[in-house]
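First comes one chain, alone, set out as structure tokens in the form predicted on its own.
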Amino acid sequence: MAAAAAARHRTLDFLLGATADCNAVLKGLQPIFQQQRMTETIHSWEDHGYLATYTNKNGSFATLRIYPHGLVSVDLQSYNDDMKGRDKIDHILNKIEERMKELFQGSIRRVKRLPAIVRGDAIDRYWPTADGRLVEYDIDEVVYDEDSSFQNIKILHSKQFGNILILSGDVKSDLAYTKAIMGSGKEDYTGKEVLILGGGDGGILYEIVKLKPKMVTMVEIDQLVIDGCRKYMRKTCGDVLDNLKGECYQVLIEDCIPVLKRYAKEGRKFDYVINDLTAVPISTSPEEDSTWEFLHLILDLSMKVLKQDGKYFTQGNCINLTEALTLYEEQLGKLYCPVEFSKEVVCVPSYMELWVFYTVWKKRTEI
């Protein structure tokens, strides 16, 4: 898909080593904007410096904010630039930087110019990390974009990662994530009964099937996720989503909670339960967040279908969300049966952050 017209927002900041002579900065930079035939409007405050705006007939505009304590910031916004237009704007910013260095020889502590922020493009490249940092991905194509009854499903192409799955704005997993949520290569799945909750991209299923289990049951609620991944995420899922049943696996298109309740009533037990449904909520108020109730219910039901010596694997969240992770660990102490757990921190490249994974098992009772 070709990129549509979009706004480009460029920033250039100067942190001076001393208080700024606001008037000197304004007078020094004015000629640069005047040469571009931009119309100037100035606002000044006695103790708060200057705000100057510069507008062009083509709709581009710049703001110059001069703070007395020593910060000078330039924001320049333009729309639908071609390469020539981008070069022209870079030229303006270069001139501003050169002039500031002339005005404040040796007294500029830091100059910071960020890559252009692209706003309103057909391709969304920006997602916040779990702990609130902004990440720009190298997305160059929208491969798949559908709304199901449950969520928005996007598959976007990244130059670095290939096709990546995004569900309602959340970037999904890569191979490092898949390996971690399976136990980081320390488990023997040969001849075992495995239950996967979620996992619609087929990555976990694909990797476990290679390990010759007795039977893997994957429960995914959203058929459209499977349809999209079957066609566009084959590097992740291989051929396991081509059919919903194989020699050692089955895929159920169902809500996992009724399935878990049914299995618990039937007394069905699994060696491994892998929860790939949702991360630990960022909210630190479990009593006010339905996602915490959902996680607690999934945990309880999973323990009911887990063998006494079985293991439950799940993701936690970003390592920096210590309060939320602590609350999750407290929830583990409130299940219908006593459990123990361990955790592992893994770098997940597609998340661009360190991620916590949990292994939970039923506490062994002393005989």
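Numbers follow the displayed sequence, beginning with 1. Just so you know, these numbers come straight off a predicted model, no measurement behind them.
Just so it is clear, the following notes concern the form predicted in complex with a further copy of the same chain, a form of the same protein that is not shown.
Heavy atoms within 4.5 Å of a further copy of the same chain in the predicted complex are found in exactly one of 50-58, 308-316, 327-335, 28-36, that being 50-58.
In terms of contact with a further copy of the same chain in the predicted complex, the residue from 245, 101, 133, 235 that brings a heavy atom within 4.5 Å is 133. This chain is drawn without a further copy of the same chain; in the predicted complex, the residue among 210, 159, 86, 214 with a heavy atom within 4.5 Å of it is 159. Not displayed here, a further copy of the same chain is approached by residue 15 to within 4.5 Å at the level of heavy atoms in the predicted complex. When contacts are judged by a 4.5 Å heavy atom cut-off, residue 126 counts as touching a further copy of the same chain in the predicted complex. At a distance threshold of 4.5 angstroms between non-hydrogen atoms, residue 223 is out of contact with a further copy of the same chain in the predicted complex. When contacts are judged by a 4.5 Å heavy atom cut-off, residue 96 does not count as touching a further copy of the same chain in the predicted complex. Residues of 102-130 lying near a further copy of the same chain in the predicted complex, listed in sequence order, are 109, 110, 112, 114, 115, 117, 119, 120, 121, 122, 123, 124, 125, 126, 127, 128, the criterion being any heavy atom within 4.5 Å.
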